[in-house]
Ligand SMILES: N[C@@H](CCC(=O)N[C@@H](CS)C(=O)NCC(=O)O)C(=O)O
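One chain follows as C-alpha cells, the form predicted alone.
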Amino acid sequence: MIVVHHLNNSRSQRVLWLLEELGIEYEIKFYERDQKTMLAPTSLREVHPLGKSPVITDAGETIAESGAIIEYIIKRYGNGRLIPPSGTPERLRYTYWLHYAEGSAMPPLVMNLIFKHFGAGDSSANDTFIAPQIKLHFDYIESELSKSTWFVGEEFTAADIQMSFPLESAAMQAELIDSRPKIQQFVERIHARPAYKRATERGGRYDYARATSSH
C-alpha cells in the first residue's frame, strides 16, 4: 500500500488529492513543520536524504518530487484515468503543465515568499525581477485558463492537480487573484471537488483550501 509522508501545509496535499480522485487506498504518515523556521522536520531525512515532502513509499520504492510521484501513481494505478491518450495534442499539453507547475510557476513565488518572510535586502530584486516574473506567469496562466475549463481542455486531469499548488499560493494574495478571475474560478472549482474535500479531511489543516474565501 502507498504510504504518503505528509507534511502539513505543503505540496504533499496534492498527492492525497490524486489518490482520492483515483479511489486508491493509502496510508498517511504525518510530519509537522518547525514553528520558527517553517521547515520540514529532520525525521523526513530518514525517508529521503533531502528531507522534503512530498515523498511516498510503495512496493519497496521511495519516490520524491510532485511530478514524479504523479507520473508514478498514474502509470501504476491510474488505468488510463486523469491522463489524455498517448500521441494526442492533449497529452503534450498535459506533460507541459505537469512540469510547468514546479519548473516555472513556483520559483518566483518561492523567492517572493522568502523575501517577505526574512525581509531580505532592499526591494530592488523584487521590483526588477520577482514581481515582473510573477506578473508574466500569472497573466499567462490567466490567458490559458480563458481557453478551456481545465489546463488540458474540458476534461479534468492530473495536470490540474499539479497546477493547484501554485494557483492556491497565488490565491492567498489578493493582488494576484482579484484581477485574474479565471484563476480564481479554477481554485474555486478544485475546492468544490468531492475528492479534494476528502483529501483535506484526511490530511489535516491545509490553509490553501481557504485560499479564495477572503476574496
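Owing to the predicted nature of the structure, the values given are computational and were not obtained by experimental measurement. One-based numbering along the sequence shown.
Another form, the form predicted together with this ligand, is not on view; read the next lines as being about it.
The stretch in contact with this ligand in the predicted complex, judged by heavy atoms within 4.5 Å, is 39-47, chosen from 147-155, 180-188, 39-47, 23-31. When contacts are judged by a 4.5 Å heavy atom cut-off, P54 counts as touching this ligand in the predicted complex. Looking at E175, you'd find every heavy atom of it more than 4.5 angstroms from this ligand in the predicted complex. Not displayed here, this ligand is approached by S10 to within 4.5 Å at the level of heavy atoms in the predicted complex. In the predicted complex, this ligand lies farther than 4.5 Å from every heavy atom of S164.
Checked against this ligand in the predicted complex, the candidates E71, E90, E102, E142 yield a single residue with a heavy atom inside 4.5 Å, and that residue is E102. Residues are counted as partner-facing when one of their heavy atoms sits within 4.5 Å of this ligand in the predicted complex; in 55-75 these are E65, S66, in sequence order.
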